[in-house]
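Just one chain follows, in the form predicted alone, and it is written as structure tokens.
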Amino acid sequence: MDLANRIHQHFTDSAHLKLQAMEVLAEPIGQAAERMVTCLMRDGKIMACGNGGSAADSQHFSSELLNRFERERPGLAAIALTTDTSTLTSIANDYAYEQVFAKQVRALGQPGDMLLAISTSGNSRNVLEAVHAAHEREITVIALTGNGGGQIAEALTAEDIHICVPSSITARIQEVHLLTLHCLCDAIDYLLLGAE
């Protein structure tokens, strides 16, 4: 297979998964957006966390809320727990890497806030610990996973929302995660501002 065909196959696989995922994810994405708007309208905030590409997704999402997505509006309260290197490294050094997000959730989170927990495998230990910390603080979790949801799926409660991409391929899961985040941002703006 030459390189052009290989690249063509990536595009085809990504498009097929997105169409397949649309059928199963549209409802939980809509529910998540509605819950996020309720949280924000009650002066709550949305905290986001993840590792690697999921850390970048956390930062992407929080920046779209804090600044703007496609439309002008006031900033919305969101924070990526992945960005403060002094906090992350001190917790990892003094306690354990598994606690880097959980300690922030316990310190910053209040009942009525939300946690967007992103893990392609569903088994990221530090994201799982953040889910447990959120539950301790009466914080609803929106879990964005793939690969069946892993341990994070098992830790969710009836109050939480699980958005699980139906794939086991990390790159494809991440591609759908990004689309999901854009859908959430658009839906939040639509619910707050109405149609353009």
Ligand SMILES: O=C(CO)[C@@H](O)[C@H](O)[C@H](O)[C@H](O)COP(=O)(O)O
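Note that residue numbering follows the sequence shown and begins at 1. Predicted model only: the values in this text are computed from it and were never measured.
Below, we turn to the form predicted in complex with this ligand, even though it does not appear here.
In the predicted bound form, this ligand sits beyond 4.5 Å of every heavy atom of residue 140. This ligand is not shown here, and in the predicted bound form it never comes within 4.5 Å of any heavy atom of residue 87. Contact annotation: residue 82 falls outside 4.5 Å of this ligand in the predicted bound form, judged by heavy atom distances. The shortest heavy atom separation between residue 52 and this ligand in the predicted bound form is within 4.5 Å. For the residues 170, 59, 151, 31, the 4.5 Å heavy atom test against this ligand in the predicted bound form is passed only by 170. Heavy atoms within 4.5 Å of this ligand in the predicted bound form belong, among the stretches 88 to 96, 104 to 112, 73 to 81, 121 to 129, to residues of 121 to 129.
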